[in-house]
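For reference, the chain that follows is the form predicted alone, supplied as structure tokens.
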């Protein structure tokens, strides 16, 4: 792997360009907008200080970016293609078919789509078996998550190859078992967002209160322990099983406007089994110690950034 083609140079596409450059790849970009190259190079320049602090791979340099005049030129010599065009289904369908026709036949092509399934988008490609979704979180050059899933016509090898490539490129990868509208991260995020809108709409909480409730509350823990492991720990030594058996009835309480699924025996057992896999033999005491170390690290890091920003504001007279 030496060369990545990035098709589309907006916020997401440009973020991908910056990420791949920081990981030491040569990047060839293409975007039909007249000012695309100027905007793209400006985005990379703005992102580079943060990427430098995060840590650059050997050989990483903005100088390894080139902007092609045509789509064919961009993808013809690529080892991997990341498409990040605007979210319009007709555009995605046509563009992926064009990329498929122009890219070397062995090369995997990934779409950054946040809303469409690959089954919807691969319908006009001659080689749909090599098309996958590689859904990032913004900004792609800092947030590590990528969700990978194929469509009905995608070959398993393409999903596996894309997942391994993203890992090699420094990403945290979820290889999804099936297509799911909104993918995984967006669905969890959307549930919280919709509840926030409900609370503001009903005058139950302000936007400031909602944001503080998240950033000073569950958001801190979710930086390292997701909701499943967090609720497992709420069960103490009994873990997820005790939590569900004890607090299961609260799922019927009006704590959210999102309707809860019925807590059947099958759902209970699946949650216990799958959370035990995440726990991977760690004791409750070990989990608490790990949680506390990470929570303190996050809080210290945020305090350092807050102090630096306050100094900057004072120097600027704000």
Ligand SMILES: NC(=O)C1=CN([C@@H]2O[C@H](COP(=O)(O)OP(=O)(O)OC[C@H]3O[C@@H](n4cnc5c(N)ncnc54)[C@H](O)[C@@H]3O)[C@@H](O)[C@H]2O)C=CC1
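Numbering follows the first chain given and starts at 1. The term rigid core refers to the maximal set of C-alpha atoms that superpose within 1.5 Å between the two forms. Just so it is clear, the structure is predicted and the values come from calculations on it, not from any experiment.
Keep in mind that the form predicted in complex with the named molecule is not shown, yet the notes after this line are about it.
Comment: the named molecule is not present in this chain, but in the model of the complex one of 39, 293, 64, 268 has a heavy atom within 4.5 Å of it, namely 39. Residue in contact with the named molecule in the model of the complex (any heavy atom within 4.5 Å), chosen from 85, 107, 93, 199: 85. The candidate stretches are 222 to 230, 208 to 216, 112 to 120, 241 to 249, and the one lying within 4.5 Å of the named molecule in the model of the complex by heavy atoms is 112 to 120. Interface residue remark: residue 151 is not counted as part of the site for the named molecule in the model of the complex, having no heavy atom within 4.5 Å.
Contact check for residue 33: a non-hydrogen atom falls within 4.5 Å of the named molecule in the model of the complex. Taking non-hydrogen atoms only, residue 10 approaches the named molecule to within 4.5 angstroms in the model of the complex. Interface membership of residue 76, defined by any non-hydrogen atom within 4.5 Å of the named molecule in the model of the complex, is ruled out. Residues of 134 to 149 that come within 4.5 Å of the named molecule in the model of the complex, judged by any heavy atom, are 135, 136, 138 in sequence order. With the core superposed, residue 291 shows a C-alpha displacement of at least 2 Å between the shown form and the other one.
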